[in-house]
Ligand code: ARG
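Presented below, as structure tokens, is a lone chain in the form predicted on its own.
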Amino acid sequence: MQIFSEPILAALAGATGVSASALKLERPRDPKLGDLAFPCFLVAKERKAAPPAVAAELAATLSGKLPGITATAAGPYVNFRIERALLAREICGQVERDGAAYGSSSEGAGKTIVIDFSSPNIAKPMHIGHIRSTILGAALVRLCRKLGYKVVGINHIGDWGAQFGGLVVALRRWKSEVDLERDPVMGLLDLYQRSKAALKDDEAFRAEAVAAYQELESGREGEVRELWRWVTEVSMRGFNATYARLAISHELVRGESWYEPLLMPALERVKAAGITEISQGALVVTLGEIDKSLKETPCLLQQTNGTTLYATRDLAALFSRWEEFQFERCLYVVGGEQKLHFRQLKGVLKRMGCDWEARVEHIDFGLLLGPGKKKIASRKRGEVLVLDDLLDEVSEAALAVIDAKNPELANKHKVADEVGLGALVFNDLKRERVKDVIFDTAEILSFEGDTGPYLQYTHARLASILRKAAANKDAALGAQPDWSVLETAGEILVALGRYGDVVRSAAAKAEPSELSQYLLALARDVSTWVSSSDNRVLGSAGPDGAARLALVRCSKSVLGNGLQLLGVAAPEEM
């Protein structure tokens, strides 16, 4: 609604003497009161007057000053209602002019946002535990890019750590017992699981694994490094195939190993800040002085045997990313169970006096659970909940739904993939990210309710209306719209005008659910409007039909754009 909010704020600034940048407009709780609202509390405080009295005075002052916009007082608020023909002409005109660029802005021009997301571990297939980080992170990349930021999506692959010492020993001992030719990733997983058991029960295995990891960290070229490189290459091929199915990519793929040469410099940098100490032979940073709740949980940076830890590698990565990108924000899309880890990292940065510490944000999220809030049971691979198996499941289920509803649909396998994967993605993004996500195949694939298929169907329905109008050479197509006929579509028009504000808010709060809920509300309103006999679109000739077709086109455009930002396909037919 920027096209209307700017002149309103300018008028308010002139009437109050307060800078327009210090004033803000809100959405009225009851849309019947108006389209935009100005809370008078700030002005009332400066004037030492009652907010309702200030609202009444401002409404009277602004009366007739804003063409096409009426101002009325309601308690401590001044509510603004935009004349519907003006609203329709301006909003529909802007949506049609901007097309796919509608809702974008240049606020991020010249600024960089780094987003660390997905980050699977090598030697295993991607499991469903990675899906939330992957989906959320990709949505945030798109949202921030829409606002003009340079966005660097980083896949911080887990390709380092003591566990790889165990995997090396498992490869030495049991390589011939698994199939590393036909299905190398699952073969590696088998060896990894066996190594975990051996590390607990076999002292000789444990000693050999420690030695192997120490050799890996030493940088010496030999058998250990050769095996590690092969495992990484095989794993990445599997990851990339999964990302391709979800149409997700990263600008940079940097495993923990990429930062290996930076580990010692990072440690020296922390030491030089004078905040490290030795505790039971290990190098730590105590954090109690900046956060009492961290008094008993210092950040451990180096073990007694000299090997580094997760925190060391993340600090090295942070220092590198700051020096390389001078980021506006650095977002870590990592589950809520890692809250302590990121509080410790930020605590170390605070103790070091890094003035960019506040730009580092942990974007946490809840769990993915099955019906009844129970852990999702594996379908095919024993205890491993393989992500590709879940993607197959939703696509197959979507195909069954399409076969039942529209068996003659062209390209139905492609559409089934779009609907199935879209249902999975939208189910993840429709709730606040900190809440757990419940996965129920039948529920998420429903064409009714708060689901991805419902949004996709609404988009396809609007596309069908436009196709029919074009095929029938509807007379309304060439007419000049009579915007006044959209008087009953006020809430839809206001919603279309709010799209850019929703995108900005969702990006700022790292909360894609704001966009998801907006799209659901828009789809419901549009579906109700086109279903009404009072709003006949097809066969409505002349200026009336032209205005109604324009509203359908604009609604379809915004729904499609919004779905694309979330990572959900917008089929033209379903």
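Note that the structure is predicted; figures quoted are calculated from it, not measured. In case it trips you up, residue 1 is the first one in the sequence shown, and so on.
What follows is about the form predicted in complex with the named molecule, which we do not show.
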item: S119, heavy atom within 4.5 angstroms of the named molecule in the model of the complex; value: yes
item: Partner proximity in the model of the complex: E418 to the named molecule, non-hydrogen atom cutoff 4.5 Å; value: no
item: Interface membership of D314, the named molecule in the model of the complex, 4.5 Å heavy atom rule; value: yes
item: 4.5 angstroms heavy atom contact with the named molecule in the model of the complex for G158; value: yes
item: Joint contact, H127, V334 and Q338 to the named molecule in the model of the complex, by non-hydrogen atom at 4.5 Å; value: yes
item: One stretch from 485-493, 150-158, 445-453, 178-186 that, in the model of the complex, holds residues within 4.5 Å of the named molecule by heavy atom; value: 150-158
item: W258, F342, Y102, Y192 - the one with a heavy atom within 4.5 Å of the named molecule in the model of the complex; value: F342
item: Listed residue that, although the named molecule is not shown, lies within 4.5 Å of it in the model of the complex (heavy atoms), from Y310, F439, F205, Y243; value: Y310
item: Sequence-ordered residues of 487-512 touching the named molecule in the model of the complex, heavy atom within 4.5 Å; value: none
